[in-house]
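Taking the form predicted on its own, here's one chain by itself in structure tokens.
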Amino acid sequence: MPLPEAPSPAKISALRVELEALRAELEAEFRGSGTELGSDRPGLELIGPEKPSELRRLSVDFFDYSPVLVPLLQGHLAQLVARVFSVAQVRAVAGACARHGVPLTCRGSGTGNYGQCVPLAGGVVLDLSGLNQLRSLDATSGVIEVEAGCLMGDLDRQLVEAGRALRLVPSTARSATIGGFIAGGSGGIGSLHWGFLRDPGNLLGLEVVTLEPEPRLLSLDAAASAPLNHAYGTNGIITALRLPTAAAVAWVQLVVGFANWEQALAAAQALPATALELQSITLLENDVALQMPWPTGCSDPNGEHRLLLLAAPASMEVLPGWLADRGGALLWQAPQGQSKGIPLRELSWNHTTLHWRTSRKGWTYLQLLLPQPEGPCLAELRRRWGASICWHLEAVKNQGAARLACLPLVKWQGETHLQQLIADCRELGAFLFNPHVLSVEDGGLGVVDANQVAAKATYDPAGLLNPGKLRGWLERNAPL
């Protein structure tokens, strides 16, 4: 379905004039009250055509992982960026956009891979990275309330001081914002135990600003927040989140080598069924391991497949022997946060794709949940596709059961070949999370979520939030 045209320069100019006036009012309000959290924060910052490089930088993410998305998304730029530092500023920008009929696209750090924060219809990009405070931590429950623009790395450092840690983090945790992770992510390090972000219990509540002429500030409970979880910011402006945390663990990083792929795969399949406390299990085929930048002190690969683990210290009494009995050789270990060079978790999830593409141009990737047992599917795909596909697996929990996800590296041979590979994966029983599509639905379950569409109607009645990304909204009035 066609996207709306970008607003005219005159409309953007009128919007900017209004925001400039609102900025002065907000600063005067801050000076007079001192009651709002962070009342000493900077004022609303506006970035327009006078800074074209900034407009370009703040209009993209890592969608270039997908050769399919590049021609669809390149060239779509914000006409104005509003960088906010308080909820009052968010409400001011939202209200002005609604009154002028200007599209608004929310942005954190731009670490996503699917074009979530690319403004397809131009308009305003709302940069929420300045909204970055940990508001509260309940000492009894461990529940936190944190603003959407808080960097996850900064947040985890604050939590460690209280003996807590985030349950789920992406491999980009050092640079990703917590709001962007909830709005655009799905799982990551910790999914071995805690499953995916949309599993009940991983999101307890949201603070949301509506996109209306007089924006409302709403506090949503877990049930009401669910439709905004992994919705690309299409159906509400998330300003703060309530999340559970876990007890902090001094994880040990392990690199284990296997000469035999079947033994390595068997170890990855069996580890989740043990009583060993693990935060992540990553399996890299030998060709993939060769392209990774290993931590200081970890030897370069010598043809072996590599299993990467984050294990609790108590597990170390059993784990090395358990691995050795299954053909694994412990190649390197170091406490997380105390090793030099790249941390091990930045060799997992989509950081693996990042490193591979740095040295191997012309490759892309897929995201699969493999059927069980996993071996036959992987073997048949290798038989059909040979060296044009390489294996990278991650252990996860799906609906309470241990599973293996696969983020295979795929040689780009055109869209027809990619679609054939996707069809082969589905034929063999794999469930696909497609990273080569624009919409929330097609990148996930593949079907329209009526609750997501209903939330957009409630919190964004004019459909101005991140237009073009929620297929259910575009199709709601389509003829049958």
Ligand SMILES: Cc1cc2nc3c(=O)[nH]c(=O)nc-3n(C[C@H](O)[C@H](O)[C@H](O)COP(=O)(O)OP(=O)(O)OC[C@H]3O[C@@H](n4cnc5c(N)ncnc54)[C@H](O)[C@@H]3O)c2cc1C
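Because the structure is a prediction, the values reported are computed rather than measured. Note that residue numbering begins at 1 and tracks the sequence as displayed.
Here the subject shifts to the form predicted in complex with the named molecule, a form of this protein not shown in this document.
Asks: Using the partner position in the predicted bound form, report whether L284 sits within 4.5 Å of the named molecule, counting heavy atoms only.
Replies: No.
Asks: Tell me, yes or no, whether H351 is in contact with the named molecule in the predicted bound form, where a contact means a heavy atom of each within 4.5 Å.
Replies: Within the cut-off, so yes.
Asks: Is there a heavy atom of R107 lying 4.5 Å or less from a heavy atom of the named molecule in the predicted bound form?
Replies: Close contact exists here: in the predicted bound form, R107 approaches the named molecule to within 4.5 Å, heavy atoms only.
Asks: I'd like to know whether S186 contacts the named molecule in the predicted bound form, with contact meaning heavy atoms within 4.5 angstroms.
Replies: Result yes; S186 sits at the interface with the named molecule in the predicted bound form.
Asks: Heavy atoms within 4.5 Å of the named molecule in the predicted bound form: which stretch among 449-457, 62-70, 428-436, 412-420?
Replies: Every other range fails; the passing one is 62-70.
Asks: A82, A264, I238, L344: which sits within 4.5 Å of the named molecule in the predicted bound form by any heavy atom?
Replies: The option sitting close enough to the partner is I238.
Asks: Using a 4.5 Å heavy atom cut-off, which residue among M152, A78, A94, L309 comes into contact with the named molecule in the predicted bound form?
Replies: If I apply the 4.5 Å criterion carefully, the residue I get is M152.
Asks: Is the named molecule close enough to T364, W391 and L404 in the predicted bound form that each of the three has a heavy atom within 4.5 Å of it?
Replies: So, no: the whole triplet misses the named molecule.
Asks: Even though the chain is shown alone, can you say which residues of 157-178 have a heavy atom within 4.5 Å of the named molecule in the predicted bound form?
Replies: Counting only heavy atoms within 4.5 Å of the named molecule in the predicted bound form, the contacting residues of 157-178 are P170, S171, T172, A176, T177.
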